[in-house]
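Look below for two forms of one protein chain, each set out as structure tokens: first structure 1, then structure 2.
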Structure 1
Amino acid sequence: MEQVVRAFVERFGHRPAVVVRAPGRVNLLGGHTDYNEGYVLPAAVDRAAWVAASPLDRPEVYVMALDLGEEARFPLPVPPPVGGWADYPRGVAWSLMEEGFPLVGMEAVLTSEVPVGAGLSSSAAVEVAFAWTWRVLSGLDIDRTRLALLCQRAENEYVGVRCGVMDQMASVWGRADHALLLDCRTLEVEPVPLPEGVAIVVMDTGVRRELAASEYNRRRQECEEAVRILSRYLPGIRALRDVSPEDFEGVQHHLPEVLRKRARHVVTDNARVLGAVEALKAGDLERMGWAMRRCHESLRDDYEVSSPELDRLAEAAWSFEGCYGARLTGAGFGGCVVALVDADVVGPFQAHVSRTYEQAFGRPPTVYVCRAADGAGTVEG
């Protein structure tokens, strides 16, 4: 916090009226279940975007991105997107004003500890940080879930990225030392305690997800087609979330092989998330870890979104005593693996997976050690 406040004072000559923090997130379980109206189990992490800001008496926004050494200025109402980092605060302003919320102008400094492209949702952290800042400065009556939905709209319709709402919901609803069971249909959130002494370790393959966008859209279409076929035999279903593992066993033979594999992953992963929640409530990290491993294997074999790099990291993690479980997280085809690890052995675990990965691919992964953190809020002001 001190860094963003100091930068604000140096740039504008006075202390900010408000300082806001909004965390990134990692999804522990629930792969590609969100757009099937199912269940996911993310956690906000202790890496966050920070905004220090004060109101202006004119309809203008001035933002300095401390990490980039760049500045942006735009009026309110917001003009069309221009590309680049400033479209995130611009998009948030656009989304809020589209909903009829009056916004004050502001001068602000942004900095972020959430690494870009590491699967920790740096964009959602920035969106939520600015939305929360306007919530405070403009005195807006917006609850956390609606704020998350408005941030999602900013990314979908202004920035042009068709993300789900999990990232923003985790950023606003996070709770320290808890994961969050999110029902992607009802948007109900239930904090789920993580046992003491466990670290969340995110391992970045360094492989960017070139195939993710086109294959992501294909997987969505395949799931929708599976629902269309299965609805003949399971009347009333509207998404794969409505199909139980038992029902699926009885009707899966009606699906072509590819659709059967895709649907099997989603149906079983929804069940894994709910089972893992019960395991965490009972303090059973072994069962939780097994669910993470089975999720990865299902994403690899049935959903076919893994890669050699992701598989190697996951296998290295599984082989280490003190790692409870690991799986690819995010869309797949690159990106990251997340693991739950005994906090006492994080150092040796990091050395093991880094050595194993470097031997296979000639470069080490980037490793982030995290804890589950509280969601967005005002830190000062």
Structure 2
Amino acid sequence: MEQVVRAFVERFGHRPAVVVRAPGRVNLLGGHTDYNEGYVLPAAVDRAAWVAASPLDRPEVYVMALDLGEEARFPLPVPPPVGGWADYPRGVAWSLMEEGFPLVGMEAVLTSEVPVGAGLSSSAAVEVAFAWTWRVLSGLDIDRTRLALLCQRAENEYVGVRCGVMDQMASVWGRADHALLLDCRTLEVEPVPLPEGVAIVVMDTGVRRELAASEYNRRRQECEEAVRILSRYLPGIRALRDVSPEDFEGVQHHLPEVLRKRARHVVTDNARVLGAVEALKAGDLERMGWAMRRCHESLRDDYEVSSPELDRLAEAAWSFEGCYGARLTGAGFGGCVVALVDADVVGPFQAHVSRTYEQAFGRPPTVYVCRAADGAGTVEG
């Protein structure tokens, strides 16, 4: 917070009118279920994007990205995308104006603590931070869910990534010490308390895969294709969300093998999320942790979005007494594994997974011990 204000004062010569914080998120359960209109269980984390900004009396935007030492400048309405980080603020301005919201120009400084490309939604945090900043500076009447949808639209249609709505919803709706049960069809959010004494440990493989975006889009198409075929036998289904594990048993033989595996993952994971929420409410971390492990195995074997590095980290976590469960988080292919760990043994856990990973791949993972945090908001101004 102080850092972004100081940088703003140095760059623009006066204090910012507003300072906004928007967190990254970690997804505990429900992998690739959001774009299938299903259930997810993310939590916003205590790593956030920060924007300090003041309005301008002309339709122009200046953004200094403090961490990169770069500046971007663009007019309103925004021209087409240019590639790179500036497409996030540009995309947000684009989607707000597309939906008829009048925007003021601004000068801003952006900084972020969310590691980029790790599966902690660094891009959603930046989008939500800018959308919130405009909401304040332009006095826009937009509720949290609409704001998340506007940010998702920016990413889908301006940046060109077909992500679901989970990341932006988690960033706006986060609640300290809670996970969020999110219904990605109705967009209902239910905060679920995380039991005391459990730590969220995120382990970054350090691997970034260029393939991730194209494979992600391919998985989406495969799911859509599976729905198209299954709807011949289950009339009325609109998405895999509508298929129960029991229904699936009866019709799965109609699907070619790859589509059968993709659909099986989504159908079983939706059921896992709902079961795990009941477990969490009952304080049953063992059951919650077991669901995370089953989710990883399903993402590995049926959805095929894991990697040797992610598998190694997950296995190292599973084998540690005091770790309730672990799974790859985010889109997969690279990025992070998330584990729920008894807070008393986080130190030894970290040493164990780091050693095991280093033995296999010659370098340790980066480990973040996170707390579930509140969603986006104005911190000053």
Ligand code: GLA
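If you superpose the two forms and keep the largest set of C-alpha atoms that fall within 1.5 Å, you have the rigid core. Since we're looking at a predicted model, the values are computed, not measured. Numbering for residues begins at 1 and runs along the sequence of structure 1.
Undergrad: Of structures 1 and 2, which one represents the form predicted alone?
TA: Only structure 1 matches the form predicted alone.
Undergrad: Once you overlay the rigid core, does the Cα of Arg262 travel 2 Å or further between structures 1 and 2?
TA: Arg262: C-alpha displaced by 2 Å or more between structures 1 and 2.
Undergrad: Given a core-based superposition, decide whether the C-alpha of Leu274 shifts by 2 Å or more between structures 1 and 2.
TA: No, the C-alpha moves less than 2 Å.
Undergrad: Has the Cα of Gly139 moved 2 Å or more between structures 1 and 2, judged after a core fit?
TA: It does not, since the Gly139 C-alpha is displaced less than 2 Å between structures 1 and 2 after the core fit.
Undergrad: Using the rigid core as the frame, report the C-alpha movement of Leu234 between structures 1 and 2, one decimal, in Å.
TA: For Leu234, the C-alpha ends up 2.9 Å from its position in the other form.
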